[in-house]
Structure formats: structure tokens, C-alpha cells
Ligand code: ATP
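In the block that follows, a single chain appears as C-alpha cells, in the form predicted on its own.
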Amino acid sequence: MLELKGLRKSFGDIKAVDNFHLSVDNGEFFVLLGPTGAGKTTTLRMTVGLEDPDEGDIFYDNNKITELPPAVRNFAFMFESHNLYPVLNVYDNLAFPLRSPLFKTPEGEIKKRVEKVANDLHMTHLLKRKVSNLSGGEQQRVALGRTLVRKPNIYVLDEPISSLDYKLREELQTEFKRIHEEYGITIFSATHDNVSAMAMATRIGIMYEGRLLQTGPPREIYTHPVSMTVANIIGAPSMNFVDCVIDNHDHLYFTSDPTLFLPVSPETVRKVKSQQKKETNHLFIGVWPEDVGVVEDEKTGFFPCQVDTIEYHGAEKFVNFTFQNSSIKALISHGSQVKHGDAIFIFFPEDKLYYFDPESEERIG
């Protein structure tokens, strides 16, 4: 088990990592997910020993390794930039770690390991080619293969596929998942790509401004985000948010229009009020795009809106519109013929709504 306890790291006035605690179990595929600048790479670099923490400690299998040099930790680190040797062919790039003075692996064993990894990653036909002549996706496979050819304690991967185009990312997501399951390895990775994180990870940690906000299985975080920030990071597309107010009769209306009420029962509103840490009649509601009800004909209880744009996400089709000063995105039927400027009618189902504190932005309840 890998344990990061109370890690802090600053660069001048910038707090890159702040009071970071995390445990990664053996055999887990754990992904740190967060925007650029969240502190993900710094966390990984401290894990492998390329950066020293200002505070805190790192343990592996209950042994403190904070001050051990990278080579002694035996963690394989795959850089975002590949770090391949362009003058060498694929075979020699894969064999390079095993030929280092640290491992001193016999050439027969090197050949055996390189050929197995090349076969597993479907790149046997590339072994004699210079890496400078490979495509971006092929170079990414070589970088992964060079990591796998060793037998480290943990594979640490920094943005392993984020620089690739969509098709290659899709292929390598499947590849990483397959390799993880077939090899039974421990992977500690980082990315800003929520789609890749959701597809590959057994567990995700949401990181923002140097802090770890929430950890859990991908679906659990998606259905139970602890804050608006987490909901923004985990969603693809992100959750919709609308500013609301509770009146004296425990009804919920839109802040921008006191005559427009949400279809939420007073019982639910009272329950939400009882769970607020600070007494206030102001809150945000959140709803995922796939949970917004959309119809093209006027219907009782639905709110009128006007279509701004249409987006196609593969098999999914989303409509964008402005409602009560908020930009809303909703999933619609692929067969829908609505277009820019058309009228639509929307509905927010009570059982699909999330409630957030307006100051802390933490989820209520």
C-alpha cells in the first residue's frame, strides 16, 4: 500500500500541494483528476522522489520512503512527454531500463520481457523502427511498454494519454484498463481528462488548488459529489447550477424571478434547510444534463426556453440554452429536430436535484 500523509509543497508563494492525505491499495488503478495547476504532477513527482515535500511523509508497505532516492523506491514513472531516446529503435528503448547498472538484467531475460510487452501492446512489428519515425500514439505505447518491462512496486503515470487525439485516447484507455487487469499491477496516475479517468480508474481522487477534495469509485463521485467544484470536475458535461431562494412557505423559487417556483415539495425544502450548516434562505440547485426534462411542445409544469446551440457528443446530443441567467445544458433525443432559436420546454425533476451552500459551495446533505 502507498500512503501519502500530510504532504505540502510550495514553489515561492504558490502552494502546489497542501495537506495532502491519500492511500492507494495494492492492485488499484487510482487516478488523480483535476484541472491544470491543481498540483497533480507535483504530487506524483514527490511520490517517486523527484521532488522533496516541504512537510509530510510517504510510506510504502508501512516503510517510510520519504528520503529515499528514486531508484531505491522502485517506482516506474511515465512522463507526460514520453522521454524516449529518438536515436534508438523501439526494442532498445524498451530494453533501456533493464540494461541500467541498477537492474543488470541478462540479455536473454531482456529479450523475453521486451517481446512479451511488445506483444501485449500490439507493437511487435515496430521493434526495429526508430521512435522518431513513430506516430504520437505509437510513441505513447513505447513509453508505456518501457514502464511495463520493469517489475516495479507501483506504476506512476503523469497524463499518460491526454496529449493524443480522441481516437487514440479511446484505444489507449482500453489498453491501460486491459494491462492493469491482466498484469494485476498498481497504478497511480494523474489527468485533467475526466472521460479518461472515469473509463480507466477503479478509484478517483478529485484534486483542486493543491487539495484532495473527494475520493471514491468513479460512479460514486458522480452520483454523490461533495461540492460544486467536484461536480464541475467529474462531469462531462458538467453539472448545471441555478441560483435559488426559499420563501417563508418553504417553496423554492428562482432568484432572478420570484414568481417562478421549482417543482420541489415543502417537505423536501424543509429537509434541506435542516441540513444547512448556516441558516440562510439562499442556495444553488444542481442537475446533471441527462436529468433535465426537455420537450418541444408546451406542457404543464415545464418552463419555456429558447435554444442557443446544439452539440453532438458521439451518440449523444445536447442542447444549450440560457435559463434564469444560468447557462444550461441538457441531453435530448438524438432524433430531435430542434435548432438554434427554437422554443423548448424544460423540467427539473425533484428526485434528480442536488442542493449546494452558496458560500462554501459544499453539497447540503
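One rule holds for the numbers: they count along the sequence shown, beginning at 1. These figures come from a predicted structure and were not determined experimentally.
Just so it is clear, the following notes concern the form predicted in complex with the ligand, a form of the same protein that is not shown.
The candidate spot formed by Phe11, Thr41 and Glu159 is fully in contact with the ligand in the predicted bound form: every one of the three has a heavy atom within 4.5 Å. Contact between Asn62 and the ligand in the predicted bound form is not found at the 4.5 Å heavy atom cutoff. The ligand is not shown here, and in the predicted bound form it never comes within 4.5 Å of any heavy atom of Gly27. Under a 4.5 angstroms non-hydrogen atom cutoff, the ligand in the predicted bound form has Gly37 among its neighbouring residues. Segments offered: 54 to 62, 308 to 316, 41 to 49, 332 to 340. Contacting the ligand in the predicted bound form at heavy atom distances within 4.5 Å is 41 to 49.
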